[in-house]
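Next up: a single chain in structure tokens, the form predicted on its own.
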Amino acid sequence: MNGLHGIIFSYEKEPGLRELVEHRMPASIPFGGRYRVIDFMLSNMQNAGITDVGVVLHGNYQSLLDHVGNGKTWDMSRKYGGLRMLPPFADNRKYRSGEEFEGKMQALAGVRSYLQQIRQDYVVLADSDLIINIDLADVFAAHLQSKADITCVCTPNYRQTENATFFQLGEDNKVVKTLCGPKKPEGYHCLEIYILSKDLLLRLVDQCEAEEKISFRSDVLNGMGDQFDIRGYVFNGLAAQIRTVKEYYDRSMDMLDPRVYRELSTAAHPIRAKEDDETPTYIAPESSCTNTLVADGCIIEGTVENSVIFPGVKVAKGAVVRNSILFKNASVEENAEVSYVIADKNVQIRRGSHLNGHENYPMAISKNSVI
């Protein structure tokens, strides 16, 4: 889509994600057996025909760089435009190199020269920790038709997320009130996807920098809401933000529902993921594997139930895995049992071990751990 440019914000650590972000950013957390969280937003943009995307980096982003690469997976490896990785405050001498941004407007001020060079007339801003399959071309068409200054994607299907934003919508979906982090949810849950013109974005960045304002939600949508025509685009499909280990676990378990899986990755709007080039998975005749997502390159010789298994996982004979998520190259040795566990990459669960989390507090095991 020649008229729309993508900006994705990749935050560093969400405290609620605990062990899952010790070695990576939330954007690069594995999800659904084959994806990383950022794959969803990159695929949404690619499906809408958006060819130029900037990813504003934050904190420890090496894992994200390794995963995204040059953007070839999403057809964004191009001589002109394409995918650009933007370190925080790359061109702003006001901040120290490597310092982390505290809000979207502060981050955008740090990469203002990049914004100035955008070739498109409109920009879509989005977070990287959103699990969603949305037609951004339709959102853009609605924005142009309404002639709004800012269009905000929101949903009536609220799921518990800390520090969420809610809108009250009036006639023609006009935002009449913005609630940032309310104690009681009210109205439509903001999904942190916004469309506005490049010129307006630059004006907002300059104004917020001059007034030392850092937040798009509280300082722009709430603080300047009466100055602009802000409209809501109501999305009724599946959407989830990943901010805690419990949210990650619940949304991962949702993927075991065929209806959810089909909605999040359709033939018309596929979610693309980096290829691993793994060998086919081997499931032994005497093993049991039920209601489970199993990626390529696994060896299943034990019992696996209601779980999500990433590439290269090994479950030995006599081992039992229930209601768990095993990241790439994790292994469960003979006669070990795990339940309600999230095992990060290369975790080894030794012979005879018994690990039991709880549905409301799953046990997360750090990368490369030996238990």
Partner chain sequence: MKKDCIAMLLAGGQGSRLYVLTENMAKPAVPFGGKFRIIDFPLSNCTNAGIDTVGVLTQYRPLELNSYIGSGQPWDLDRDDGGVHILPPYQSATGASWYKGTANAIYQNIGFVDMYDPEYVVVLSGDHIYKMDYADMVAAHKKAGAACTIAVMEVPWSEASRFGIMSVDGEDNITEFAEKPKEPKSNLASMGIYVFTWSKMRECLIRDENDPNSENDFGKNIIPMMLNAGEKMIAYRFAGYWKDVGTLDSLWDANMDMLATGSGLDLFERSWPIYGRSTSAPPAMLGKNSSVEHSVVTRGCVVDGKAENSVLSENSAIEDGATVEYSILMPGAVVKKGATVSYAIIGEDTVIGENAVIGCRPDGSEGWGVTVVGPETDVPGDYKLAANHMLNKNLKEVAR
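Predicted model, so just to flag it, every value in this text is computed and none were measured. Numbering follows the first chain given and starts at 1.
Quick note: we don't show the form predicted in complex with the partner chain, though the next part is all about it.
- With respect to the partner chain in the model of the complex, the three residues 244, 249 and 345 uniformly fall beyond 4.5 angstroms at the level of their nearest heavy atom.
- Picking from 57-65, 332-340, 317-325, 25-33 the stretch near the partner chain in the model of the complex, with a 4.5 Å limit on heavy atoms, gives 25-33.
- The closest non-hydrogen atom of residue 145 lies beyond 4.5 Å of the partner chain in the model of the complex.
- In the model of the complex, the partner chain sits within 4.5 Å of a heavy atom of residue 282.
- When the partner chain is considered in the model of the complex, residue 78 lies well away from it, no heavy atom lying within 4.5 Å.
- Although the partner is absent from this view, residue 178 stays clear of the partner chain in the model of the complex, with no non-hydrogen atom inside 4.5 angstroms.
- Of the listed positions (190, 130, 271, 205), a single one reaches within 4.5 angstroms of the partner chain by any non-hydrogen atom in the model of the complex, namely 271.
- Screening 172, 275, 121, 102 for any heavy atom within 4.5 Å of the partner chain in the model of the complex leaves a single hit, 275.
- Although the partner chain is not shown here, in the model of the complex the stretch 280-307 places heavy atoms of 280, 281, 282, 283, 284, 285, 286, 287, 289, 290, 291, 292, 293, 294, 295, 296, 297, 298, 299 within 4.5 Å of it, in sequence order.
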